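Take a look at this one chain, the form predicted alone, written out in structure tokens.
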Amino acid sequence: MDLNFLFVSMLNGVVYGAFLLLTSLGLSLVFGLGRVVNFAHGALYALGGYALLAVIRGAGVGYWPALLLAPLLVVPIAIAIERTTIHPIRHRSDIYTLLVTFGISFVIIGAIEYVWGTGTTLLKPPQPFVSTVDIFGNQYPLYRLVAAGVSLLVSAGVFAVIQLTPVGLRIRAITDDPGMAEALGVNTKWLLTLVFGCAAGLAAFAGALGAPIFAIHPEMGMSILLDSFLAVILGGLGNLPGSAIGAFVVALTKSIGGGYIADWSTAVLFGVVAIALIFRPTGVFGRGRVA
């Protein structure tokens, strides 16, 4: 066995897991609070990459200011989507929001193709992170490590908000018992809208941050959407710590499996998730929802 190849595959898995963590947290939050199966999450991820391009080209600013501004452009779009299409059907079965967000994803991708075209845009890593670093004799792109570190910091910030702030307390209250939270005066409707917008902002930030690594194209969110759902299911529906673990399990399985058994890596990934669901249907911590 080539240990260097295994090490690089694992490192790629950790980097991808950091991006997957951001998108998975957003999916888990939205489902945990509003029982919304958001199939538009991947399209919002892609929209973050194109918002980054729009800010860089339109405002003439550098990559890092554009990275901060791009998600702020996506958040109000997501809030408008939630208020006009998801909010009116929240009282209905989960299948309604699934179908609506599935349709919205195609609308967003169609809008992206209309405005920016169907081609792929390659974006260079920002200075001074265009070089490589030596890690145990392997040359590895520096920007990938920096981007993974930023993803982990932002994810840690999300956990801190949920655990340590009054808003986080309300979010946890709605997740545990929405009826009781509303009876105690929590404005559940607007908080759900706010969380939907913030979850979209996380996805857009991940899309913008990963643009120099994965390139920008209209379908860029489809793969990470599927992986994010697998991570959320593996970790337990609505359970944030479980989703974090699920994100890295999915990413490492794909990366290592793709390196050794490329033709079977997807099958292995679904096999891992299926086995986990059989023995732990409520996730790795046993606190997720089963439906």
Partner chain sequence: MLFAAGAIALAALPYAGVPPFTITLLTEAFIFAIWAMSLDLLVGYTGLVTFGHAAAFGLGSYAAGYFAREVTADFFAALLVAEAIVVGLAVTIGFVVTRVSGVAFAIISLAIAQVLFQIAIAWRPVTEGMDGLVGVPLPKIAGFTIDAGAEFYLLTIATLVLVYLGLSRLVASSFGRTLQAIRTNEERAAAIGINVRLHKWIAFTVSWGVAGIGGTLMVFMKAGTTPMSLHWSESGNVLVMAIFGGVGTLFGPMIGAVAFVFLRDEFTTRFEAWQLAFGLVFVVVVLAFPSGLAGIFARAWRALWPTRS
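Everything numeric in this text was worked out from a predicted model, so none of it was measured. Residue numbers count along the first chain shown, from 1.
The same protein also exists as the form predicted together with its partner chain; that form is not shown, yet it is the one meant from here on.
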Although the partner isn't part of this model, could you tell me whether residue 10 comes within 4.5 Å of its partner chain in the predicted complex, counting any heavy atom of the residue?
no
Does its partner chain come within 4.5 Å of any heavy atom of residue 182 in the predicted complex?
no
Is there a heavy atom of residue 171 lying 4.5 Å or less from a heavy atom of its partner chain in the predicted complex?
no
So in the predicted complex, is its partner chain close enough to residue 116 to count as touching (4.5 Å, heavy atoms)?
no
If you check in the predicted complex, do 84, 99 and 104 all have a non-hydrogen atom within 4.5 Å of its partner chain?
yes
Considering its partner chain in the predicted complex, which of 233, 244, 55, 33 comes within 4.5 Å of it through any heavy atom?
233
Which one, 61, 226, 69, 252, lies within 4.5 Å of its partner chain in the predicted complex by heavy atoms?
226
Which among 107-115, 187-195, 136-144, 161-169 is in contact with its partner chain in the predicted complex, heavy atoms within 4.5 angstroms?
107-115
